[in-house]
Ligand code: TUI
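The chain below stands alone and is given in structure tokens; this is the form predicted alone.
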């Protein structure tokens, strides 16, 4: 399956693994890249020395292209932007802000720049700033989300841009890939499906929640703080949702009790204090497999449906 995305990134399949904070590290990124997609290491707010080590460990595990995701709101975004240049990273994806000030230096260093966007307006701005492609991410995604759905967002972004569009949000199998291509996308980004991969280093409790999730088992919390996040329903996420709804948690209190909650979920499997960020597609995921099997199954199903 050749598209402008496979040409741009030098990969076999037009499939990117989401840069999930605290989750996307070198083992997962290398496994997805070795499977023919493009793996990502999450920058988050991690120390630069740790991220440098992650990039170098990933290079030891794969000779295929991989990238780094940078959250623009991170306090060390400047340092991480420079690190990607120093370490000759192939691809940078960005979220939570405008990466415009970094794009010229990244492009000069030969890095492919792919911002994640929730709206047509931001997509247009990223194209004008020199982005090579964009990820149009619908509200079905896990973690921080916009309000527009993938089905509505992707074709509008495709119509507005000349650069290629990668669809994200609610894609978990080949049918989702095929549907994205029918909407005009030339690639897909998957996050939640890779939570249930053998190479993903999250706590077993997190994986179990993903595999056992039903279609109604995701909840969005934090809209009143301005940072809505999609989680798996747990006692903790229901507490947050109820506190937001009935006013028993102020926005400041909400922010205070969720501080560090993603780490508690990913590393500790803490059901009482952890935020298990996950997309609405989790109800379709019923097993844990190696990344190579996941990618192969998804792309073979998509190619069959699209008659490649």
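Residue numbers count along the first chain shown, from 1. Given the structure is predicted, the values throughout are model-derived calculations rather than measurements.
The same protein also exists as the form predicted in complex with the named molecule; that form is not shown, yet it is the one meant from here on.
J.: Looking at 106 to 114, 207 to 215, 89 to 97, 158 to 166, which one sits within 4.5 Å of the named molecule in the predicted bound form if you count heavy atoms only?
T.: It is 89 to 97 that comes within 4.5 Å of the partner.
J.: Would you classify residue 262 as touching the named molecule in the predicted bound form, given a 4.5 Å non-hydrogen atom cut-off?
T.: The answer is yes: residue 262 has a heavy atom within 4.5 Å of the named molecule.
J.: Although the named molecule is absent from this view, report whether residue 125 comes within 4.5 Å of it in the predicted bound form, heavy atoms only.
T.: Yes - in the predicted bound form, heavy atoms of residue 125 and the named molecule come within 4.5 Å of each other.
J.: My question is simply whether residue 277 lines the interface with the named molecule in the predicted bound form - judged by any non-hydrogen atom within 4.5 Å.
T.: Looking in the predicted bound form, residue contacts with the named molecule include residue 277, since a heavy atom lies within 4.5 Å.
J.: In the predicted bound form, does residue 174 have a heavy atom within 4.5 Å of the named molecule?
T.: Heavy-atom contact with the named molecule at 4.5 Å: absent for residue 174.
J.: Decide yes or no: are 199, 284 and 290 jointly within 4.5 Å of the named molecule in the predicted bound form, with each residue judged by its heavy atoms?
T.: No: none of 199, 284 and 290 comes within 4.5 Å of the named molecule in the predicted bound form.
J.: Since exactly one of 134, 84, 154, 145 fits, which has a heavy atom within 4.5 Å of the named molecule in the predicted bound form?
T.: For this set of options, the contacting one is 145.
J.: Residue by residue through 158 to 193, tell me which have a non-hydrogen atom within 4.5 angstroms of the named molecule in the predicted bound form.
T.: Contacting residues: none.
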